[in-house]
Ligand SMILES: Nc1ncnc2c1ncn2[C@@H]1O[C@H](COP(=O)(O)OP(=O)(O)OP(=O)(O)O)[C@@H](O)[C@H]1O
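Okay, so here's just one chain, in structure tokens, the form predicted alone.
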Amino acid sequence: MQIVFDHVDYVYSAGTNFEKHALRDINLKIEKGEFIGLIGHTGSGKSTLIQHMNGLIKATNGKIYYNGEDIYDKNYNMRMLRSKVGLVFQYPEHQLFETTVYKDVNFGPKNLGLDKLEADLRTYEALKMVGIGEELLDASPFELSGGQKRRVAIAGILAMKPEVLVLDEPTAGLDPRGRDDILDQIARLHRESNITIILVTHSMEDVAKYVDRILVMNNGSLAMDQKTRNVFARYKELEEIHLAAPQVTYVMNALKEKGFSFNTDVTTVAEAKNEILKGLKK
């Protein structure tokens, strides 16, 4: 077990005219090695939720535990938590600040107090993992493309060897190829290192393709917490909270309404193709 939310509430600007209840009685367990999708309409509480995971925001009420330890305990090492739960923001410019790509990625491990050799090894390893070559080591991170900036921001977190990687809209604004490249690398990282991944996204197709479990936020509450295909089977409930299922879900349900006996419990185009071919052979 890694992260536990126990009856967590969060109120912005409590006691003022601008008071807003951003999280309402969140109870949640995130286990080691999971690949989780976090979805919800704008303002549903997604960003507030993930910022609680590494202590950037402190809950108004409730407890949060990391590997069984209360992160709000007086003597808890919050610096250690933030090295273990890495958060990559939606806009990489918010995390990039050094003069070169190498220095930017190297900052995290160096700040952990590692010796130069270990910090350098982690830096090279992290850059390799996200597909940034040596030709960009001395480049300014601010002169890179949007996709490259995201890779460098992710590498900066990976260099600290986190146990949990939280990605807030990591593909926003990228073209389809850039989006697939980033997500494929994240999926490979998950397979090879068993790191816990929490992916915040508006793309239902991406969620369907990559994640095993979905958390659905609605008005600060956790509306659903199930396996991916089980959440998308509830597509009509998703629509009621201004979300949707992948397009393939609607196609398969439309075919079923036309009299085809296809299984609608599919989430990707590849699964739908196999199901249709299998049904036609019958």
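Predicted model, so just to flag it, every value in this text is computed and none were measured. Residue numbers here begin at 1 and follow the sequence given.
There is also a form predicted in complex with the ligand; it is not shown, and the following applies to it.
Contact check for R24: every heavy atom lies farther than 4.5 Å from the ligand in the predicted bound form. Remark: H41 counts among the residues lining the ligand in the predicted bound form, judged by a heavy atom distance of 4.5 Å or less. For the chain shown alone, T249 is not a contact residue for the ligand in the predicted bound form, no non-hydrogen atom being within 4.5 angstroms. Contact check for K20: a non-hydrogen atom falls within 4.5 Å of the ligand in the predicted bound form. Contact with the ligand in the predicted bound form, defined as any heavy atom within 4.5 Å, is confined among 24-32, 224-232, 43-51, 241-249 to 43-51.
The contact residue chosen from K84, K128, K103, H202 relative to the ligand in the predicted bound form is H202, the criterion being a non-hydrogen atom within 4.5 angstroms.
Distance criterion of 4.5 Å from any heavy atom to the ligand in the predicted bound form singles out E169 from the list D181, E163, E169, D206.
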